[in-house]
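In structure tokens, the next block holds one chain alone, the form predicted on its own.
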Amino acid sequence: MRKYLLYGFLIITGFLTLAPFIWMLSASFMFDGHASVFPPRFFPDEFTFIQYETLFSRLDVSRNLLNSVLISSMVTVVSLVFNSMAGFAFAKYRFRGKDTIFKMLLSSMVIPSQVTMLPLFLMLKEFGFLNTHMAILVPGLANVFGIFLIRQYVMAIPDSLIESARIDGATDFQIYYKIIVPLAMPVMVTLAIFTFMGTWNDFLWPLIVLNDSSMYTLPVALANLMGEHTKDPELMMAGSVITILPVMMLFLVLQKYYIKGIMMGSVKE
């Protein structure tokens, strides 16, 4: 009886959690005004794609979607390279001040990101990167959390494996590329999901550094859409579906590697 009560509780909790997302998806296929009636409709009387046609034809959301895809993909790929190299160095190399530098990096994680936005904005302004996608790409080149995550994972790789590669004549880059990267692939996929989702969902920073609407990412474009079409909840729901669908699909495809990386990434020294 206790097992059935537990299953019933989990089913009810899961439905309550998913209900807003189900209604969002359902409302995106409704005609104008059908999502605002009383009593509210959970499912449309007749399915229509008119909201999505409006987004892509009249409002040109396809450009913002392409911006989000390109920016998130570039930030993810480049940050993986820098984070994995730095994590490998902190885990397996010995150099003066390594522990001090790493502790300083970790201490910076307690500083709210909003505090660093002003100096970062001024630096990018001096470089001439404002209102360009470089203003989003450059700050995402590396982050402390990514370095820490990969360092903890790489520390579990035996030193004897690296020493054997050196005896065989492998260079440091060959060790990194042929040994560290394949062995650390689970945690790198986990970090890739974190980075892609964080960049995709970021709203405040692109709003600050981008002025041209053609450069906007999807979250910023959706916020502007809400200001112009407040009385069109069906259109808002269609925009929300387009915004969250890619990251949900990415997580579903890579969830096996994500879970494996989370379980194996918390390695003690």
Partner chain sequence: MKFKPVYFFLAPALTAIFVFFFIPVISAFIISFTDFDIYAIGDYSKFRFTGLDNYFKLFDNQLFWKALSNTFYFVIISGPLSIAVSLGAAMILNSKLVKFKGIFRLVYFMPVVTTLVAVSIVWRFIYHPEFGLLNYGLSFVGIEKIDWLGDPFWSMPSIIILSIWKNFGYNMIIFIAGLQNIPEELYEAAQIEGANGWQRFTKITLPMLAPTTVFITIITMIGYFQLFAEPYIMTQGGPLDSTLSIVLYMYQEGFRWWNMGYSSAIAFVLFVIILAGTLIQMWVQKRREA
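Every value quoted in this text rests on a predicted model; they were computed, and no experiment measured them. Residue numbers count along the first chain shown, from 1.
What comes next is about the form predicted in complex with its partner chain, which does not appear here.
Annotated contacts: Phe56, Val75 and Met185 are all free of its partner chain in the predicted complex [non-hydrogen atom within 4.5 angstroms]. Put simply, of Ala89, Val189, Ile157, Leu80 only one has a heavy atom within 4.5 Å of its partner chain in the predicted complex, and it is Ala89.
Using a 4.5 angstroms limit between non-hydrogen atoms, Lys178 is distant from its partner chain in the predicted complex. The closest non-hydrogen atom of Ser213 lies beyond 4.5 Å of its partner chain in the predicted complex. Contact check for Ala223: a non-hydrogen atom falls within 4.5 Å of its partner chain in the predicted complex. Of the heavy atoms in Pro44, none are within 4.5 Å of its partner chain in the predicted complex. If you take 168 to 185 and check each residue for a heavy atom within 4.5 Å of its partner chain in the predicted complex, you get Asp172, Phe173, Tyr176, in sequence order.
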